[in-house]
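Okay, so here's just one chain, in structure tokens, the form predicted alone.
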């Protein structure tokens, strides 16, 4: 598991350093890096989070060149990051009146943004897991060597994946996350019955 990179607190070099021309202010750098660390923890690229956070905090569209300078990133790196973020639907390309350059603005509806990312990534991932578990169950059921207890555990795994997918689909439709079905699968019926006998 990836750890969270602590960037310092009051009195740290990051919080005391003055802002340079074309660079982030100390408070902005800390906020942008914090979002980058969370995004990396979730399995995305750290700089994807930093780019989105910069655009969100500024509240105005920036050009690719401005993003490069503010975050000290390469032109090619920013180009790839912007393409990825557009595909995820977390930034939009815009053109201001009387301006020939493309600019990029952050999606500001956080619920819609998270919902879109979950729909694109997590929901598809869980669907693939369900398909794999279904195939594993089919193969196990055709084998005479798999004990009933193991089949039951495999069934429990498949049920868990089904509940996770259902919870994600519900969140995508309603922005409400119901994990009650997921939690019920975790309960150990055998352990519960053993505790009752005591």
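Numbering follows the first chain given and starts at 1. Source: prediction; values computed, not measured.
Keep in mind the form predicted in complex with the DNA is missing from the figure; the text below concerns it.
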Checklist entry - Counting only non-hydrogen atoms and a 4.5 angstroms cut-off, does residue 102 reach the DNA in the predicted complex? => result yes
Next on the checklist: Can you work out whether residue 45 and the DNA are in contact in the predicted complex, taking contact to mean some heavy atom pair no more than 4.5 Å apart?
Outcome noted: yes
Next on the checklist: Using a 4.5 angstroms cut-off on non-hydrogen atoms, would residue 89 count as touching the DNA in the predicted complex?
Outcome noted: no
Checklist entry - Can residue 77 be called a contact residue for the DNA in the predicted complex at 4.5 Å between heavy atoms? => result yes
Checklist entry - All three of 127, 163 and 169 touching the DNA in the predicted complex at 4.5 Å, heavy atom to heavy atom? => result no
Checklist entry - Of the residues 158, 53, 64, 30, which one places a heavy atom within 4.5 Å of the DNA in the predicted complex? => result 64
Checklist entry - Out of 128-136, 64-72, 143-151, 30-38, where are the residues with a heavy atom within 4.5 Å of the DNA in the predicted complex? => result 64-72
